[in-house]
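Only one chain is given next, in structure tokens, and it is the form predicted on its own.
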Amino acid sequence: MAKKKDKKAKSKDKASKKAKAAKKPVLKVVAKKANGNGLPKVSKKAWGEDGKALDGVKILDFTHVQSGPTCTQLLAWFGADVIKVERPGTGDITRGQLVDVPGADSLYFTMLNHNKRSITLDSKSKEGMKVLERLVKTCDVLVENFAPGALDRMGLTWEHIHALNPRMIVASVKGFGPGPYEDCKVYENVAQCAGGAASTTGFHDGIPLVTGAQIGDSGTGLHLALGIVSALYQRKRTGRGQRVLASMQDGVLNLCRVKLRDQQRLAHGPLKEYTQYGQGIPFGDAVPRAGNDSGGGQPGVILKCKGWETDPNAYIYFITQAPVWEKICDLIGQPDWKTHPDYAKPPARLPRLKEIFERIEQWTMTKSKFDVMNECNALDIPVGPILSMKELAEEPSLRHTGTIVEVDHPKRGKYLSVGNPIKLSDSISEVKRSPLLGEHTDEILTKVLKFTPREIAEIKASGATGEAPKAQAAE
């Protein structure tokens, strides 16, 4: 009897296990894709015809002037839908700065706001905040470069934004990072001075100088764009947004890293590749201004070329790179320097750089900067002509690559602008004109934010998007 009961029990257990197994979902074995890593199948469309890199990404653009707009414009060139929020009536302050065509947006504005849409919004009004909060819920990234604390005073604290949209990335440009100066307002030249650029730019016996390149504003905007794209990529794994901060001081210092390198080298002796070493001028305790000395360890200076007396840009940058030294000697008619103990080896040349470059300049002054470039490039001697903005604007190769583009504007006509400096083979950038103030307000309210006609009428009647419609007088 016991054996029969055992058999029945085992039979019931088997039946129970089968029943449980039947209830479990059947796991289908999916064949691994050829490219692995869970990536989509390789597109069969032609290169450049399968959308843009940031298609589908929506940017809530609270930026103004230069650092922030540089960032959001770059994202727009890569395909992001950038919605620029502007103050009704005035908009971005740069629309009216450095105006060259009366009645039209300035080049300062147009060249920093391509490929964007503009909505005018009074964020201080109740209806304006309602629109703004829906934008926060709808967009992927909020970008701002307000003065410290401004976003919080608007009611858009990180906690509030994150509660509305946990996937939202909030990216900010500030003058300084956390520390004693974090509440200070910063502009381009202030950033260059605070980030180490000015103290190391100029000649050792002159005052500090700022550079013509906007490394504080535009440079920090480019840093922020990389931070945003990285945060978007991480969000694919975590599902949540995060804060991204790029301070202008940090950005400038990052671009001055070779000077921080040299600051540490000073503790071990003089910087022998600097011109002042060969002139017998002692070094202090901080990296000096080095004029046009190369920052890469290879001696280099700017030399006069033919026509320098009347052409302010008839100059060339010439580097005496060690591997091509013998070619340089032959080119300038000093073949004896190839074996002379005072010139043959780099250490021997360092105290004599002034003399060496004076001799090379005797040769460059007999030729145009382009002739020097052609002759040197044929021998792998690194040189660079000093190109004026006029020469760059007229250079056909830069037009061909889209580095410089001609854009047509409804109010100012055609103008030149820089295009996307980063070229992707499968995400071809096209530069579209900057928006007129509030040009896309209706489009954004309806198509992006999905407000009903009645809601839009109420928003406009409140004056949240600009001057409220005036009621018609009774007849």
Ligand code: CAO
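Predicted model, so just to flag it, every value in this text is computed and none were measured. Residue numbers here begin at 1 and follow the sequence given.
If you look for the form predicted in complex with oxidized coenzyme A, you will not find it shown, but the lines that follow are about it.
This chain lacks the partner; the member of Met248, Val131, Val141, Val82 within 4.5 angstroms of oxidized coenzyme A in the predicted bound form by a non-hydrogen atom is Met248.
Exactly one listed residue, out of Arg153, Lys236, His340, His400, brings a non-hydrogen atom to within 4.5 Å of oxidized coenzyme A in the predicted bound form: Arg153. Contact with oxidized coenzyme A in the predicted bound form, defined as a heavy atom within 4.5 Å, is made by none of Asp293, Phe318 and Cys376. Heavy atoms of Thr70 never reach within 4.5 Å of oxidized coenzyme A in the predicted bound form, leaving it off the interface. Although the partner is absent here, Tyr187 lies within 4.5 Å of oxidized coenzyme A in the predicted bound form, judged by heavy atoms. Although the partner is absent here, His64 sits close enough that one of its heavy atoms falls within 4.5 Å of oxidized coenzyme A in the predicted bound form.
Taking non-hydrogen atoms only, Asp262 never approaches oxidized coenzyme A to within 4.5 angstroms in the predicted bound form.
The candidate stretches are 116-124, 305-313, 284-292, 346-354, and the one lying within 4.5 Å of oxidized coenzyme A in the predicted bound form by heavy atoms is 116-124.
Taking oxidized coenzyme A as positioned in the predicted bound form, the only residue of 211-228 that brings a heavy atom within 4.5 Å of it is Asp217.
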